[in-house]
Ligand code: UN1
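Listed next as structure tokens is one chain, alone, in the form predicted on its own.
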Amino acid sequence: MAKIAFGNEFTYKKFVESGKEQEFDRLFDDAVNSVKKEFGRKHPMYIGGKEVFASDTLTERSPIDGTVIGQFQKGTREHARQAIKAAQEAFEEWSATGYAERASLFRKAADVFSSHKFELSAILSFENGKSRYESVGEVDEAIDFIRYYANELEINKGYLRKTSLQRSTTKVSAGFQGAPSTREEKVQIRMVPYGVFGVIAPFNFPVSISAGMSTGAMITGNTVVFKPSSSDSMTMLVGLKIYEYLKEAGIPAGVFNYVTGPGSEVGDEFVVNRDVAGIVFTGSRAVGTGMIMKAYGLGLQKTFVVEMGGKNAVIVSKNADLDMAVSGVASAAFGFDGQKCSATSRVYVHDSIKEMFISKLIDKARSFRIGNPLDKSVYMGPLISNNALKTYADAIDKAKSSGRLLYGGNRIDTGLDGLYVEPAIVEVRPDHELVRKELFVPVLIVQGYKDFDDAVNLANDVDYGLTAGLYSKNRKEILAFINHVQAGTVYLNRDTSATTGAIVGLHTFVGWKGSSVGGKGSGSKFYLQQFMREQSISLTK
């Protein structure tokens, strides 16, 4: 079998480096005009390859301006059970499909996604308010995940290993540990899929994370019941497109089932249903740990592949390139309104440069245009929901009452029916609740430090351990940071972003401590193994 080299999609980079940025913008703008014509329609769920309708529907509106994107089914616990049954029925044949064929099907899926990338990116911007650059980058990441995992499956030959123990010329009368045998013993060690996985997707990366989690489960031989974000942060249309693209690529009916509905019903059924072998989830720590505790409390030994957020810190040393640090921190803190689990939420700056850093950071924050993210000049779009707005307002009030509001903190009138706010920069004491609580809004905490070791300890002094960053030219500080920081994804002197933007095949995206379970990351050589269990088969001939 000829090996296919993995390469990243990098759409915007390829366009701009070849002098074709105008064409990139035209393709995105054309896609925006095209997808709008499809809005307002009623969409079914898909269970076992068949359309399924519920008695109630969910209306999804764009956070940009309230435009109705579509009517989706309000699936129930019973619909989840039907989908689990369909996935069970598809499992035997799908798990018996050769790994090379599964890899080939997902490569076709990646090609289908690529052919629709601007359409999918435009829908994504409408659904969660991302800029065109963020949206195209996310769709690229989804394509990269699919291709990378197909490559990994083939490189590892389906995770099958064969070995043997040669026969001995000596015979013993009774067996014991290590006894010689006159027969050859052949051993096959393989990784075997579990069965049905429930995949619960987040609103903030509903294409890349959804595609990555689902591909991880399916390409290793499991079947999936997929639930897109369906509550106050709705991204159900991109979820539907994922279903359609997988079907177009030839993924058999029942292998991927699309069910929309509230987590209290659909998601909870994944947790309590004995026929669900595993759950893949990206979201809050409270929800993730709650599912694990509930399942094990019921005596259900499910496998969990979960990523549960972060409270990500950056240290800016007195030995830093200050302009680089300001650019990287601002991008990581305020890109997509801070609605990323990897967003920078805390920055520790050496006292000698703290005021200069804050001044430059405020200037950078002021430069970010806020408004309709479909406009190419806009950097920050709307918050996803009223709950996000409440979190933002509460954080600002707490910062004002027990700290300093250094910049921002206001809601912005853009003339659109959406929730637009300024990036906020605050200073609070180290033990303040804002330092420890994941906010998921554009609020950045700045604190000073004197001793570098103290700064590392402050960075580590949270329950999370997802991403972390450092800006320093000092080798001793760099080594101390690498050796002592408690985060799975670490960046040093990164100009584009201090803590966000992991690239498939280059970085692995993994959390430590309360940010994940298992300590293995997406885009990693170890990711697929989480969806399989090891089996040793011995045959004596």
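These numbers come from a predicted model, not from an experiment. The first residue of the sequence shown is number 1, and the count goes up from there.
The same protein has a further form, the form predicted together with the named molecule, not shown here; the description that follows concerns it.
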Checklist entry - Tell me, which of S345, S125, S230, T282 has a heavy atom within 4.5 angstroms of the named molecule in the model of the complex? => result T282
Checklist entry - Which residue, F118, F106, F270, F205, has a heavy atom that falls within 4.5 Å of the named molecule in the model of the complex? => result F205
Checklist entry - If contact means any heavy atom within 4.5 Å, which of 337 to 345, 76 to 84, 216 to 224, 242 to 250 contacts the named molecule in the model of the complex? => result 337 to 345
Checklist entry - Can any non-hydrogen atom of A201 be found within 4.5 angstroms of the named molecule in the model of the complex? => result no
Checklist entry - Taking the shortest heavy atom distance, is F28 within 4.5 Å of the named molecule in the model of the complex? => result no
Checklist entry - Does at least one non-hydrogen atom of I209 fall within 4.5 angstroms of the named molecule in the model of the complex? => result yes
Checklist entry - Given that the partner is absent here, does Y46 sit within 4.5 Å of the named molecule in the model of the complex, heavy atoms only? => result no
Item to check | All of E152, Y159 and G523 with a heavy atom within 4.5 Å of the named molecule in the model of the complex | outcome: no
Item to check | Sequence-ordered residues of 135 to 150 touching the named molecule in the model of the complex, heavy atom within 4.5 Å | outcome: E141
